[in-house]
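Shown below, as structure tokens, is a lone chain in the form predicted alone; questions about how it binds or moves come after it.
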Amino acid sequence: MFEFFKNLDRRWIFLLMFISVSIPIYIVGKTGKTFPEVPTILSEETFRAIEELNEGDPVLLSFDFDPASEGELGPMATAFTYHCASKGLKLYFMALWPVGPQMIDDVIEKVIKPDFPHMEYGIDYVNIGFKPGNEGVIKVIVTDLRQLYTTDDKGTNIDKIPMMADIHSVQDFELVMNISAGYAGTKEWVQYAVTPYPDKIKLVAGCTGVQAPLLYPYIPDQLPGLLGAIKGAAEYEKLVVDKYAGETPDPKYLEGRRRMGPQLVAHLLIILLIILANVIYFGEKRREVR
């Protein structure tokens, strides 16, 4: 038996991985059911930070990612937007990444226009777009947003947008939500916005899995809530959907949990293979001793 597994062709492992990913995709697609999620404290704190806000409060959503990271971060962007819109908050979108405005437009078309048709552009939500400069942008707008942003993403003068009347800097927002795929992103928002103004700027974020460990040192003082990768997205998605989406939520609000299924099963397979490899290794060692 040891020899059989020791010399097993790696193509069988590739096949097992293919099956482990395919079956959850098929089951979810066929039945519409997703794997259960138990939210962790970081997801709950992210949810709570938005829940504590009042209708009409201004919030800033910085979409600092691109299509390459949509698999992990897309569900977060959808859930953040849906949660804020359901609460009746004023949504201000911006980006530190060049393709960020495209990701903003996608979520507006996906969430706000079909599900919140009463929301008006310039009154309830606005996309002020992308500015180059990475953390340099943050350094400026924490004290003077209009120094850089004179128009929105469509070219409309800021002074002609009603919801911009009382917004002069990042300090005027009740909460900043950042969705980050790397530099510039959450780390820079912590360093150049929250750290200099800890009593005036509150931040929660969602990030890719590889980035999350770098942000843990900022928890909980500078970063009370953090969604790490698709797992964090699925947990937060559950909290939002359970409260606001009813018994039959739109499938687009279950995307995080749908994507979590194949990852969960694939991870279990990897763990089993690691255990099997160790059993084979120690079994051979025991045979050598004998």
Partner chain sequence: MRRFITSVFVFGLIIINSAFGEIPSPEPPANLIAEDHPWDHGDKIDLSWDLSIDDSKLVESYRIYSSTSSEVPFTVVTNISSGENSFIVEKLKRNQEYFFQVTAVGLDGQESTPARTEIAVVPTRQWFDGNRFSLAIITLIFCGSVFYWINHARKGRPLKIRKIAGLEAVDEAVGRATEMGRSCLFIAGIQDMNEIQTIAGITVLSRVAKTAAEFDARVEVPTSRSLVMTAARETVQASYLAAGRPDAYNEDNIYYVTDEQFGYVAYVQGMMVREKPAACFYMGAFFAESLILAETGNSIGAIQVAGTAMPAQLPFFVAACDYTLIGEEFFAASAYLSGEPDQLGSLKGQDVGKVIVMAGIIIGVTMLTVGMIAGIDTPFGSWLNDAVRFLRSVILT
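Residue numbers count along the first chain shown, from 1. Note that this is a predicted model, so its numbers are computed, not measured.
We do not show the form predicted in complex with the partner chain, though everything after this point is about it.
Checking E120, D172, D159, D144 against the partner chain in the predicted bound form, a heavy atom within 4.5 Å turns up for just one residue: D172. When contacts are judged by a 4.5 Å heavy atom cut-off, I27 does not count as touching the partner chain in the predicted bound form. Contact between D221 and the partner chain in the predicted bound form is found at the 4.5 Å heavy atom cutoff. Residues of 204-223 placing a heavy atom within 4.5 Å of the partner chain in the predicted bound form, in sequence order: V210, L214, D221.
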